[in-house]
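Take a look at this single chain in structure tokens; it is the form predicted on its own.
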């Protein structure tokens, strides 16, 4: 499948890396020759230097034969124009990054229709939605939803005092009344799809799947349930902070935002008059202490500086803030921060990458025995969780799961049938129109039939 990516910034580069890993034929366009040189030297892609709205350039990039064009430059308007031209020149699907809050749902709907956009993506809004889910369930480090929120997967870290440590999964299923499944475990650099004999250890990062009600029930039973964050401090009056603050305030939470840019503080106050906005350098510990950081339910560092976000987050954790989250775009710094003990990290480029990978994989398998509805990359990208909608030609229909010959490191972690969510056992079967959630480690699934040997 041929894909053209316009704009090779942080998000464009991440998407390029993922699409190449997926095996797609990728052509990248950027007006900076140094950027094109760097990305073509790193990845097996074709690079074209120039303006993404130049029709001759788009033709040179092979737009007429492209299945998908993704425009992720720094300009919303250029992205939209690029997608419009690409569709006129033969591209089958187009996706534009549109991040300005002034483009509301109504105007976006209008533009998608008249520009014939397949999808618009807003990294900051999607990141804010991810953060909001976590703040509603602070004991988790990530919360992924499936089948219109009828099924969830949460990741938690087993701390030294965890009651789960030292027990096999079979023992835990018998010990607790909640219906759940531990479907993936990261231990150090290794990721496991565990069976019933797998014994959990202190420090494990585990993925638990169940219905939202059963997950809450389990977290209460093991003493990990925390109330949703009601007093939140955010460092950095960014677009992500704006979207998140609005969601939190609409949900009844009190929000305090700190930023050293006076103009940005004024703009933020005008957009969200209910928020408390403080002009000041959030790196200064005295300021954070004066603003009662130690009384907050959650602290989020969302500035554009990864290093600063990490350092301030460690300070917040040292003040006893129950939930601390840092925005980190650098994979290397994110991994380093996690090893040093910073559990919860958000990366807007990763959120966008998941969305675009899901869309591209759904296009690729449109003639297969299932449809990709949801895709998440878990455990630092070492595992994937996919939701498939089953079509009548799936070869594993009506066969008990215990009799399916599954590939190694594959687990069917959930089945949603209508509104009924099923924690699968060996006697359960897959039926047409089921939503099937599959976990895979060290493999990429394009189609549900790929789980079978």
Partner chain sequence: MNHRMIFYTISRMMLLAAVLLILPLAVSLIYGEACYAAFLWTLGISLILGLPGTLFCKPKKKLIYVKEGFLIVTAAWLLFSVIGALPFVISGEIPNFVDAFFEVVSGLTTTGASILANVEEMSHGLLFFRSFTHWIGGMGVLVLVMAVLPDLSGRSIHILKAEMPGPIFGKLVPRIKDTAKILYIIYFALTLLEIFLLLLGGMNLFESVTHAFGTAGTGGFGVKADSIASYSPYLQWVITIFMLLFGINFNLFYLLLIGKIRAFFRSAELRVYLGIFVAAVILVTINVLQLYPTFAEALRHSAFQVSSIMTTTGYATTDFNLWPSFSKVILLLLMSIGACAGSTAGGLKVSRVIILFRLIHREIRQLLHPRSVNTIKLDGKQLDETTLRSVSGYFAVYMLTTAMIFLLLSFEPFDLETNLSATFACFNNIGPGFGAVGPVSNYAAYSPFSKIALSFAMLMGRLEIFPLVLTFLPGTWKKN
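Residue numbers count along the first chain shown, from 1. The structure displayed is predicted, hence computed values, not measured ones.
Separately, the form predicted in complex with its partner chain exists; it is not shown, and the next lines address it.
is_contact(residue 40, its partner chain) in the predicted bound form, heavy atom dist at most 4.5 Å: Yes, residue 40 sits close enough to its partner chain in the predicted bound form that at least one of its heavy atoms falls within 4.5 Å.
Heavy atom of residue 392 within 4.5 Å of its partner chain in the predicted bound form: No, no contact at 4.5 Å.
Contact of residue 60 with its partner chain in the predicted bound form (heavy atom, 4.5 Å): Yes - in the predicted bound form, heavy atoms of residue 60 and its partner chain come within 4.5 Å of each other.
Partner proximity in the predicted bound form: residue 421 to its partner chain, non-hydrogen atom cutoff 4.5 Å: Looking in the predicted bound form, residue contacts with its partner chain do not include residue 421, since no heavy atom lies within 4.5 Å.
Contact assignment for its partner chain in the predicted bound form, among 412, 45, 416, 66, heavy atom within 4.5 Å: So the residue touching its partner chain in the predicted bound form, by this definition, is 45.
Residue stretch of 381-389, 45-53, 395-403, 423-431 approaching its partner chain in the predicted bound form, non-hydrogen atom distance within 4.5 Å: The contacting stretch is 45-53.
Those residues of 11-41 which, in the predicted bound form, come within 4.5 Å of its partner chain by heavy atom: Counting only heavy atoms within 4.5 Å of its partner chain in the predicted bound form, the contacting residues of 11-41 are 23, 24, 25, 26, 27, 33, 40, 41.
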